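Form predicted on its own, single chain, as structure tokens, below.
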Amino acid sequence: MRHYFHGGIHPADGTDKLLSNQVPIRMYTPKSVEISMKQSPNSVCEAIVKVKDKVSRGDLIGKSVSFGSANIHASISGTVNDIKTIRDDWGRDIEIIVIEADDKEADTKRASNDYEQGLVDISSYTVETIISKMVEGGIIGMGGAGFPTHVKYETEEDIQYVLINAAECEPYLTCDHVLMKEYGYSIINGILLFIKAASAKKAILCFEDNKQDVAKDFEYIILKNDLPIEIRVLPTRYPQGGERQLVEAVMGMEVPAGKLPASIGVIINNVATAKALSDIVLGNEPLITRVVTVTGKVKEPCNYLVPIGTRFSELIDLSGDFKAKTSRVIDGGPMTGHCIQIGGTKEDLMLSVTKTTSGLLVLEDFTKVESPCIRCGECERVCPAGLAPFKIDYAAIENDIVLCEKLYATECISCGCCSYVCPAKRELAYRITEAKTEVFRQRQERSSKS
């Protein structure tokens, strides 16, 4: 039986994906990297190296010191040339480790391992070993949220199923699609490790129907080897890859408000996270590289496999520079990504690749003018969380955070569907996300005082 999730939209026709999913992954190793000690919104690590230290590829350079953070490793071999400090949106000082590659220790492309060419025997790996490797390797969710993977598997809940998110529903992004084309066995071996770590019955590998090519390849391997993995092909609809939406579409169940999928016996992981798990458990390589989609208004859209810390300016240069007259650069996709530059040149891009950098999207900039809400209800109809965005928007404008909380602003997944369909061009998703953040901040403040 096929299930659907509530709400959702079709923001693209598929031509956006074709820009970058028809060419092989290109590998690139820069001469220097800038590795942030903040690799996801709520994770800040403590640098354990100092200037002039020699480091090798895979060495630990940032130690997890709080819940929500994960270890950070050197992505190239070389010398720590500088440690810069920047301040993030939360007012936290974030260290940036600059590593210059040594000419005599230049990184070379490693040969393929057994787990990348076929299935491997994982019977000798215990649950405890797999989870400890997640911690050691700094594995986090690579679908966007960046939550440490081991925390999901340290649950006391009875896990029945592991859902593997291969939907990649965000427009323009194709990093997961091409990863599945070229690293299928790595991903399947990682999925089998996830099943074992969760003591689950099986995994359900969830594709959208615009990825039939890789779905068939994976199905062949799974059936041939009688693996405890089920293929589920879902209709293409955004935001199919949201955790709650995927559970609803695949399982026909709802995750209770304020709860995690584990509360109903499910853990969800991204396909790139599955590959990262294979790399650390079977290849002894921590999470130090990832595939990044560079697309949109660039001359040569492509996917690059790069070390964490690769500068965005270099990725734009590899793709032939901007071709829009005035460019808007987005870290991520057009629906959930963050605008990091309007106008300017590639040299003005100061950020670098993190573990959660799925894409670098360049669009033509344009001016959008808001007009008053006409109460059409379209935002409420498409909201996958079942909220009334126009009501929360009004409360946010009035700075009524109590009302925002009563309207369940905390359940917003910041997918952007409401803003996309709004005929008044209101910045609904932005204001609701800001209100959600403030609700959480005030809750934390109340908790610290009690």
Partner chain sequence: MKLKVAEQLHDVSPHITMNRSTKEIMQDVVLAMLPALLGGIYFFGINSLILTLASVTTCLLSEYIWQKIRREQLTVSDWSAVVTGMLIAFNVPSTTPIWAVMVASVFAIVVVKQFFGGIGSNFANPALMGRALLMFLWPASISNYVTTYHNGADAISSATVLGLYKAGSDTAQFTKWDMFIGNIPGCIGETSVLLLLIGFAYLCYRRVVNLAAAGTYVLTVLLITFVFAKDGMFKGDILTNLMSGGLILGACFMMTDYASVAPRVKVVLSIIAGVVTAGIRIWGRLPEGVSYGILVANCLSGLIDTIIRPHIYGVGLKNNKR
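Whichever C-alpha set is largest while still superposing within 1.5 Å between the two forms counts as the rigid core. Positions refer to the first chain, counted from 1. Just so it is clear, the model here is predicted, and its values are computed rather than measured.
Below, we refer to the form predicted together with its partner chain, which is not included among the displayed structures.
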property	result
Contact flag, His177 vs its partner chain in the model of the complex, heavy atom cut 4.5 Å	no
Pro41, heavy atom within 4.5 angstroms of its partner chain in the model of the complex	no
Its partner chain contact in the model of the complex: Tyr28, any heavy atom under 4.5 Å	no
Partner contact for Glu95 in the model of the complex: its partner chain, 4.5 angstroms, heavy atom	no
Answer range among 76-84, 253-261, 209-217, 309-317 for contact with its partner chain, defined in the model of the complex as heavy atoms within 4.5 Å	253-261
Selected contact from Val127, Met350, Ile221, Cys376, since only one has a non-hydrogen atom within 4.5 angstroms of its partner chain in the model of the complex	Cys376
Interface residue in the model of the complex among Tyr304, Tyr153, Tyr161, Tyr185, criterion: non-hydrogen atom within 4.5 angstroms of its partner chain	Tyr161
Site check Leu18, Thr149 and Leu193: each within 4.5 Å of its partner chain in the model of the complex by heavy atom	no
In the model of the complex: members of 360-378 within 4.5 Å of its partner chain, any heavy atom	Leu363, Asp365, Phe366, Thr367, Lys368, Glu370, Ser371, Pro372, Cys373, Ile374, Arg375, Cys376, Gly377, Glu378
Rigid-core frame, C-alpha of Gln22, shift of 2 angstroms or more between this form and the one not shown	no
